[in-house]
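Taking the form predicted on its own, here's one chain by itself in structure tokens.
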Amino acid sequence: MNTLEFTVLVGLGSLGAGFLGSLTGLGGGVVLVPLLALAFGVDIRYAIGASLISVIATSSGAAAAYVKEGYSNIRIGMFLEMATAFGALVGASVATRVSTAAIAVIFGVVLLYSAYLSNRSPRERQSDDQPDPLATLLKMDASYPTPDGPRPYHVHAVPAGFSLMFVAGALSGLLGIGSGAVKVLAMDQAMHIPFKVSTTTSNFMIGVTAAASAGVYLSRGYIDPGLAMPVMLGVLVGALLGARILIRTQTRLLRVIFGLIIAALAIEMIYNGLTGRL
């Protein structure tokens, strides 16, 4: 495979990753890192570096559309971003000091657990819909558009969500995934924010989180412009396509897509990490 073929194939793969990342709120990195490491044989640290650049592009491309449609909750995103940015700096510093096999196994375990949580029945949630006092104080409660008109919602468990966002940020810096999986689960499962609001707010946040950790990878020499450029362009086009389709897609379908993709990638990453292929 020559350089041109490699660049074209990486660009096409990145387009698919960006599409799925935007559609599910994960960001392209959750598909991109396994794709580059497993299918193209790219060192996982360089794959993470390119992924972080693509995550910034994904967030920039998709977030604007979601904000315009009225799905993203900017107030929640800005508040939670304080925790994720600090966590991203911690995670990126740790990533440069551990083995690639360990990173692959951690990556797989995180994705596998995320797949399980994302497909839990909504009936397992608490039925209480009383607003959180802190959410009321910070004016986080809002509404989002539906075919029947704006639907209001309350935000719950703000301290728990803030703590989980630090974990999400650390995983973003460690794995280069934008941590959309954990952010969506924290907002959807812990804070009881509607799923479409969670995914779109996650898209708004992941660019800032990735930018915080990308600086660490850049200073360590793990961001290759020749790899990052086709990845960024492919993911950006895919993210824009995903943003157009999300608004017309059923939530249940998003959950199924979310779970199937990350479960398959999780198994592949754990296997390759344990057998020393990464």
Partner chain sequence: MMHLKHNWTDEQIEQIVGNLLRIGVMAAAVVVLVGGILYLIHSGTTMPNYRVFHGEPSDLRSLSGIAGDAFSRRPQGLIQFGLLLLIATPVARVALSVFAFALQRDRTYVLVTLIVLALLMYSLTGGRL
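What we label the rigid core is the largest C-alpha set whose atoms superpose within 1.5 Å from one form to the other. Small disclaimer: the values here were computed from a predicted structure and weren't measured. Numbering follows the first chain given and starts at 1.
One more form of this protein, predicted together with its partner chain, exists but is not displayed; see below.
Asks: Could you tell me which one of 112, 208, 106, 167 places a heavy atom within 4.5 Å of its partner chain in the predicted complex?
Replies: In short, 208.
Asks: May I ask you to check whether residue 271 falls inside a 4.5 Å heavy atom distance of its partner chain in the predicted complex?
Replies: Contact check for residue 271: no, nothing within 4.5 Å of its partner chain in the predicted complex.
Asks: In the predicted complex, does residue 31 have a heavy atom within 4.5 Å of its partner chain?
Replies: Looking in the predicted complex, residue contacts with its partner chain do not include residue 31, since no heavy atom lies within 4.5 Å.
Asks: Taking its partner chain as it sits in the predicted complex, is residue 223 near enough to touch it, meaning that at least one heavy atom pair lies within 4.5 angstroms?
Replies: Taking the distances in the predicted complex, the answer for residue 223 is yes, it comes within 4.5 Å of its partner chain.
Asks: Would residue 82 sit within 4.5 Å of its partner chain in the predicted complex, counting heavy atoms only?
Replies: The answer is yes: residue 82 has a heavy atom within 4.5 Å of its partner chain.
Asks: Please determine whether each residue of 20, 172 and 190 possesses a non-hydrogen atom within 4.5 angstroms of its partner chain in the predicted complex.
Replies: So, no: the whole triplet misses its partner chain.
Asks: Could you run down 70-95 and flag each residue that has a heavy atom within 4.5 Å of its partner chain in the predicted complex?
Replies: Those in contact are 70, 72, 74, 75, 78, 79, 81, 82, 85, 86, 89, 90, 93.
Asks: Superpose on the rigid core, then tell me if the C-alpha of residue 96 is displaced by 2 angstroms or more between the shown form and the other one.
Replies: Moves: no, less than 2 Å.
Asks: Would residue 77 count as moving between the shown form and the other one, using a Cα shift of 2 angstroms or more after superposing the core as the test?
Replies: It does, since the residue 77 C-alpha is displaced 2 Å or more between the shown form and the other one after the core fit.
Asks: Rigid core fitted, is the C-alpha displacement of residue 170 between the shown form and the other one 2 Å or more?
Replies: Where the cores coincide, residue 170 shows only a C-alpha shift between the shown form and the other one that is less than 2 Å.
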